[in-house]
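As structure tokens, one chain now follows by itself in the form predicted on its own.
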């Protein structure tokens, strides 16, 4: 774990009941691959949402040939989809090879300590306490939310590939065609579209939570996704 000790800092942390002055450490929490994956997923979701919304509801025509813009939207959508899949696969791999804050047990609360931390997180989000859970990475409740998000992403990927297989033959059709034996095509399209909106709901909540924790803890949550570094009082490590 990379750390740097910083001078004692005054009372922003006193509101958390941590005393008037504190010695803090600066810790490298988010490794470069985690940060790159984070922004790759976000940009992919933006591209997929814009193009996917257009594919479902074409609202612009800039060429005498109606298929021109739609063709570009589909091409960009498919490219962004494979970038998205690669980023998700990379994040799964990093959950087994990254540092302690990137690993899979941050998303599945297998230890009693993480389960207690999850309850503390729930109490904080529910305004039952003013003290956020003491954790450098994701608190356990946030980790569980990410697990649900990744389940949504997996569903989105499978359904997206199944829809793409309708236009192709071979590997995709043979590996994802089973989807249409479970759900009819209109339902697959509906769920694929619904998950897009649920993802944007998560984005709004994610930004709100980051701002909330950054305001309450003064630990650099927002800047950490760019730099990787967070600050934390020594007695909370």
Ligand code: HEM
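Numbering follows the first chain given and starts at 1. Worth saying up front: this structure is predicted, and the values here are computed from it rather than measured.
Keep in mind that the form predicted together with this ligand is not shown, yet the notes after this line are about it.
Annotated contact segment (heavy atom within 4.5 Å of this ligand in the predicted bound form): 46 to 54, selected among 173 to 181, 27 to 35, 202 to 210, 46 to 54. This chain appears without its partner; in the predicted bound form, the one residue of 76, 147, 164, 136 with a heavy atom within 4.5 Å of this ligand is 164. The contact residue chosen from 122, 101, 153, 94 relative to this ligand in the predicted bound form is 153, the criterion being a non-hydrogen atom within 4.5 angstroms.
Contact annotation: residue 84 falls within 4.5 Å of this ligand in the predicted bound form, judged by heavy atom distances.
Among residues of the shown chain, residue 141 is not one whose heavy atoms approach this ligand to within 4.5 Å in the predicted bound form.
Interface membership of residue 157, defined by any non-hydrogen atom within 4.5 Å of this ligand in the predicted bound form, is confirmed.
None of the heavy atoms of residue 69 is located within 4.5 Å of this ligand in the predicted bound form. With contact defined as any non-hydrogen atom lying within 4.5 angstroms of this ligand in the predicted bound form, the contacting residues in 179 to 204 are 189, 192, 193, 196, given in sequence order.
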